[in-house]
Each structure stands twice: as structure tokens, then as C-alpha cells.
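First, one chain by itself: the form predicted alone, in C-alpha cells.
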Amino acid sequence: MHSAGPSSIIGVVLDMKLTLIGFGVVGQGLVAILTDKAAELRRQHNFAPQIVAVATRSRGSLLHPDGLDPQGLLTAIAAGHLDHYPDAAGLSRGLDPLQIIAQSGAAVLIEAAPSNLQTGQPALDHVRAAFAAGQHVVLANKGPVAVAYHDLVARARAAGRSLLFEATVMAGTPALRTATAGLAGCQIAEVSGVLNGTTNYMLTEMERGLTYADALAQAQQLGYAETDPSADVDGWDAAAKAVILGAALFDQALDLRALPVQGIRHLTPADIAAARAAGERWKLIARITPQAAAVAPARLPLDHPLAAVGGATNAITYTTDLLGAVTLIGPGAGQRVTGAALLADLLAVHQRVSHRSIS
């Protein structure tokens, strides 16, 4: 039976205006979910999100203070550009993200543009501007949190607003919520995980006999790897997630550039065969403790929980004092999968706003 949340008990439907920066796979996935689940969200959570602005890097931007039509947005972007969205009184086009943040009147900024793991920009400026404008922030973009976690937490606290970023670690699989809420009361001594679906897929295929080059080409053909796969195969995507986990769970202040990071480029069929002969399997593992973090390939026994995770699936193990090792397995990428994490964060903001409205 569904358990009613706090806002359901109140029975008051609260509109929430949203600004979405980035309208690629993840942003479109969120809009599709909000459209498909509109009636359910209203009925079960008294939640009525309204997208008032969308900004992209190269395919236009739109702002309407009374809301944009979700299906119209999806149709326009499918045609290649937001210029295909129909004209309407009060509609503004071509504003840059900072202008939109200042003018939208939105309650929440959703940053889902591609990450820059070195600088966090331009998303970092977007997040700071949102807090200055009194907006909550929900992130699918790893860059800002990996680069400036403590600064952003301080700004969120000063503004009295939420900073949520579940989608940055394992997409829709609730890695952060499991640690902070599900394992509340436990002391976490170590976190280790398979946090990059591209490399995990490649290693799975290499174990089946493909060379590194052939596994990469196949991953690119399937859309798991970018044309420039460096962030994945050299370990930097997993390293950014390790930095985020270290900050969120252990209050670390790690510099991504100083982290020990090794990818999988050097692994050969002979390495794969040697591991198999020893009853082991190669995985790209991110390890985080209260003191440090690192990313490197590792040979794991076949009965290790992380060794059993194949394909593009992700997994994370929390080593705790009260429960021992707890492993969470789930999808680490995908349009609706990542959109689901954004929705979960939006509902968390909604609950916070709902509580304030009756306090």
C-alpha cells in the first residue's frame, strides 16, 4: 500500500516552477517522466511541477513565466532546435542561462548540462547564481560538486535552500540516499564501487574475448562511450564520483587533479586471461575512505559482490560497523534512469517546501 508523504497528508497541491539547463538525453528524460507521471505526482505527492525555462548550449533557450508545454518542448528539440517551439504571448527566446536564472522566478534550478570535471564551469556559475536568487538546486552535472562541494554547501545553507545531487553518482540508483538515510546510525569505514558503466561494459566484453580497441568501438556504437572516451577509460568520471562521495559522506575536500587515478587502457587480453585463470575478474574500482580516495583497475575474486556486476551496470559497497558490507546494484546511466534521480531530488525539495508552508 502506498504510504502518504507529508504533503499528501496536508492535501494541498503546491506548484513548483523549474528551470532546466541542459536539454539533452537527461533533460528530455526528466521532462518525459514529469509528463507521464503528472497525474500520479499530483495524486500521491500533491506535486505539480511546472517548467518555466529551458536553456541549451547550442539549440536555443525559452522562458515563459506561466510555464512551457512539456510536449511542445520535446517536439521542438526532436526537430533539432527550440526555435521550433510555437510562439506565445510572454515567451522569451535566446536568453543565456544567467539571464534566465535571474528572470525566471523559478523555485528550483536543475543543472543537467554536460560536465566539465576540471573547472565545473559554466555550471558552477549557474549554481551560485541560483542560490543568490533564492532557488533550490538539483544537479545531474558532476562538475560543480566535484570542484566546489564545500563552497556550494555553504552557499545553500546561507540561502536557506537545498543542494541535491543524487544523479551525479549512480544515475537513478540511490547511492547517496542509501548511505545518508538508509545507513543512518552506521559508521561507514569504506566505500568501493564500480561507478562507470562504459568501462564495466568494456571489461565484460574483453572477458568474452574482445580486445580493448574492439570493446571500445562496440561501446561507442551502442552509445555507452563518447567519441572522445578519455573521461571514462582513463578513470576520471569514476574519480569525480569518488570525490563527490568523499565530500558527501566523509566531508573530504579532495582535489580531483591530485587523486591517484588509473584507467583501463593498459589492460591486455593476457591480463584478462591471467585473472580468469586465477578465478578473478578485472573491475575499475573507486575506493573512498574517510582519509582518501583513488581509482584503479583491480582483480577481484569471482565471489566478490562487485565482480558479479556485468555490462553497463553499476554497484557500490558500503563497509559499515553495524551491518558489515552492504552492496547496492543498479543502472548507472540512461535517460529515464537519470531522470528518476532528478525526480527524487525534486520530491525531496517539494517535501521541504511543504513542511515550511505549514510551519
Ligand code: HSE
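Basically, rigid core = biggest C-alpha set you can superpose within 1.5 Å across the two forms. Counting begins at 1, following the sequence as shown. These numbers were taken from a predicted model, which means no experiment stands behind them.
From this point on, the text means the form predicted together with this ligand, which you will not see here.
Asks: Considering this ligand in the model of the complex, which of 126, 283, 241, 136 comes within 4.5 Å of it through any heavy atom?
Replies: Spelling it out, the residue with a heavy atom inside the cut-off is 241.
Asks: Of the residues 293, 306, 333, 52, which one places a heavy atom within 4.5 Å of this ligand in the model of the complex?
Replies: Selected option: 333.
Asks: Residues in which of 193-201, 243-251, 90-98, 117-125 have heavy atoms within 4.5 Å of this ligand in the model of the complex?
Replies: Looking at the partner contacts, the answer comes out as 193-201.
Asks: Spell out, yes or no, whether the shortest heavy atom distance between residue 225 and this ligand in the model of the complex is within 4.5 Å.
Replies: Output for residue 225 is yes: heavy atoms within 4.5 Å of this ligand.
Asks: With a 4.5 Å heavy atom cut-off, would you call residue 111 a contact of this ligand in the model of the complex?
Replies: No - in the model of the complex, heavy atoms of residue 111 and this ligand never come within 4.5 Å of each other.
Asks: For the heavy atom contacts within 4.5 Å of this ligand in the model of the complex, list the residues of 229-245 involved, in sequence order.
Replies: 232, 237, 241 sit within 4.5 Å of the partner.
Asks: For residue 174, decide whether the Cα shift between this form and the one not shown is 2 Å or greater, given a superposition on the rigid core.
Replies: Comparing forms between this form and the one not shown, the residue 174 CA shifts below 2 Å.
Asks: Superposing on the rigid core, do we see a C-alpha displacement of 2 Å or more at residue 229 between this form and the one not shown?
Replies: It does, since the residue 229 C-alpha is displaced 2 Å or more between this form and the one not shown after the core fit.
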